[in-house]
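Here you'll find one protein chain in two forms, each presented separately as structure tokens under the names structure 1 and structure 2.
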Structure 1
């Protein structure tokens, strides 16, 4: 008896979804492309919302910058729901290992009093700043246009919520899970002069209605100046606890590099679309970076005793970064 194995090749009637085929032709597409391109709702709205009757629910006119195609500023990380969650799950596992290492050895309990005081004053209030950033990225998602931008914004919003939780866990580890350190951190955020410039800055961004200006303010100024400064204070401010703190905030360091790669790509693409876009984006970047530097000066002066030099350095680094994106500050 002989056995013959035959194979049959079936040619699919189509290789991708219609909205992708209309862009690139009927050929295989990546999951990222299928989950991102031309997903934005554009028609069949019943009526303009009463709270903002000059705009439709999804309206390109909610920002002053103009794009012929809002799917040009793609995410170089190519994140969609699955890839984002896989990446963050891996990063969270690293966070859990670091917390387990620190807690098993009681490393936070061994910190000097000065380092603990600086942590209480300089690190824990960041949970409130991350909450503000979470609000901003959510606002950009709901007011923005084009899934290529708005989808990564809601991922970024989730990142800030996660980082606020990490900072909260550090506080709970400091006070033996009583929550007293978090209450004290809130009081610092609300009343300490070192933080009031930062608090005013983030609260002023809450009322910015142009969503792309808010994007520039958050990703370039707040992330680039305030967060970068705050998480780089370790060596000077945390003294003998610098290594311990760096272990627990490693997520933030990895995130800043990754987030910048995406946000820089978006700003560069939008600014390059037209001279008007470049001029607008440059003006917004200068305004918010300058404000962020002034807001951060009391913080670096209080924690480092440097009369605001670290804030100025963070501002210069961010301005140089903006220049590489084609902006003129």
Structure 2
């Protein structure tokens, strides 16, 4: 026996919007598809931007890579605003539980001085790097072409702001909610030689005009080399605090695994479009990964006393990742 509610049948005239039907046929489309595909204007713009009159505000020529269809590099996570926020709200529940757990048990207060000093010097300045990454992803969102690529970029920029704030909370937990550790971390970021390569790297990305090159620099090189060095390869630096740090930065690990599914897939799709795209993205990837490794070496040397070996390892992992995306470095 099944329970059967009787309903009326209102026969639809069509199942989705015309632009979706032209791509996949007139059948029910997903919310991701309807919220994303062909949403950005493409033609008959009225005025050239006062700030950049050589382009339209949406212009395929703002990057050297060419796509026949910028709705090819889709998001495997199929994020639109609702699913993105719900996913992040869920991840953040774990953050709240971890902070409560760590604070209840005073786990950060019990750390040895060396571990505290390394967190202060090695972890807290990452909040500035996240902010730099936020600026880059916002830039790609505003300057890029096609909602399929640009919408996830504003999600990513929200993620980096959120992660900068998680790092800040770790600092506040360390300094008894006074903010002293954050002021100190900023001084480290601005002047400590261990960080200057990284700071120069991210400042150089700020002035990159080709938005897809910036995408490669940020999502492949900065995320792959610097953030992975910090969040994956630096456990030894946190000493007896490694487990606590792992708990408090679980969001970053989950985020990195999740976002790279999208960012890798975009690079792979764009590179596979044409030999020209492949050559360009390969050249950009090589340039920025090499730079990121050089920038990260003093940091890894200072934190891990490894003479830069962890930075090299992060670089090798990123080069291997780039190779799986079809790039030739």
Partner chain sequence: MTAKKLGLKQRYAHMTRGLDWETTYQPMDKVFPYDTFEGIKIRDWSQWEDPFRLTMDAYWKFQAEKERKLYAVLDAFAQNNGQTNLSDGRYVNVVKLFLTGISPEEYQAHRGFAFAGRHLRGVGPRVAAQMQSLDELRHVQTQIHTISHYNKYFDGIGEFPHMHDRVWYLSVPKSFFDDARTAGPFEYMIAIGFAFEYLLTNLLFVPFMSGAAYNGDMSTVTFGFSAQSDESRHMTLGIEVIKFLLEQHPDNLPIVQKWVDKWFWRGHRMLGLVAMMMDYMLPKKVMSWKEAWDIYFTEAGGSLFQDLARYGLKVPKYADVATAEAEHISHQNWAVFYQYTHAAAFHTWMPDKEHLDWLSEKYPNTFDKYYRPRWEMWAQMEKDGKRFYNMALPQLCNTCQIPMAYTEPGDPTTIAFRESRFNGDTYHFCSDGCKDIFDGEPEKFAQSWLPVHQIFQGACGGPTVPDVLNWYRLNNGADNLDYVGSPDEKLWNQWMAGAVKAAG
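Computed from a predicted structure; not experimentally measured. Rigid core: the largest C-alpha set superposing within 1.5 Å between the two forms. Residue numbers count along the first chain shown, from 1.
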{"property": "Identity of the form predicted together with its partner chain among structures 1 and 2", "result": "2"}
{"property": "Residue 45 C-alpha shift between structure 1 and structure 2 of 2 Å or more, rigid core reference", "result": "yes"}
{"property": "Core-fitted comparison between structure 1 and structure 2 - CA shift at residue 8, Å", "result": "3.3"}
